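Shown below, as structure tokens, is a lone chain in the form predicted alone; questions about how it binds or moves come after it.
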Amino acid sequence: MIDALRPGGRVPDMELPDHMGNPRRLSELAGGDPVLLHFFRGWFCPKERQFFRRLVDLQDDAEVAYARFVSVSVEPPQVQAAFRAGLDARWTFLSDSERRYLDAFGLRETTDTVHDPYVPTCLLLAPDLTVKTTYNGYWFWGRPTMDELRRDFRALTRAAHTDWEPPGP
């Protein structure tokens, strides 16, 4: 993994097609809010499906708390669209089917020579794409729990908003 993806680094503002095939920039998707940037193997992985079910349960809270999710895989947009719909996920999936960022970010999973996917990795980003926390999900237990994501999002939101404390009388 490159240094830009480690805590304190700043993720390059990548541009990839979304699950509908529309080009999207990471900074645009962040929209000034904290972001969970999730690189994943693909729909075929049972570990991914289990993790995504938990993220789907968290998406309602993230939406009202002004937090964003972005998931990235090497699958083409139409496969991502079907997987996303099957999950009832509402956040953006980005397709790196050309594998433009796989090696550039140092996230190629070398043990899967069939799918040539990303190493499952979760990054919690500040609105300016600075990395707060990195989770290595190669082994399932390395992925963040939903409680860890809540704590990370709380810290990022508190740091990003000077009005965290309610105004006095």
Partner chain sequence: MTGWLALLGTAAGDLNARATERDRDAGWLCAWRGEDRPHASALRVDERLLANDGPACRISLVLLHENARPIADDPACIQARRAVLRDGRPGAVSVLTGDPVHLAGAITVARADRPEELLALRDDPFLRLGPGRLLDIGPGLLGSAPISLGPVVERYAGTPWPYDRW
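Residue numbers count along the first chain shown, from 1. None of the values given here were measured: they were computed from a predicted structure.
The discussion below concerns the form predicted in complex with its partner chain, not included here.
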| property | result |
| --- | --- |
| Option touching its partner chain, based on a heavy atom within 4.5 Å in the predicted bound form, out of Glu28, Asp103, Asp57, Asp128 | Glu28 |
| 4.5 Å heavy atom contact, Glu98 to its partner chain in the predicted bound form | no |
| Phe44: touches its partner chain in the predicted bound form, heavy atom cutoff 4.5 angstroms | no |
| Close approach of Thr145 to its partner chain in the predicted bound form, 4.5 Å, heavy atom | no |
| Its partner chain contact in the predicted bound form: Ala155, any heavy atom under 4.5 Å | no |
| Full three-residue contact with its partner chain in the predicted bound form, heavy atom 4.5 Å, for Arg49, His115 and Asn136 | no |
| In the predicted bound form, segment of 64 to 72, 118 to 126, 136 to 144, 103 to 111 with a heavy atom within 4.5 Å of its partner chain | 64 to 72 |
| Within 4.5 Å of its partner chain in the predicted bound form: residues from 3 to 26 (heavy atom criterion) | His19, Met20, Asn22, Arg24 |
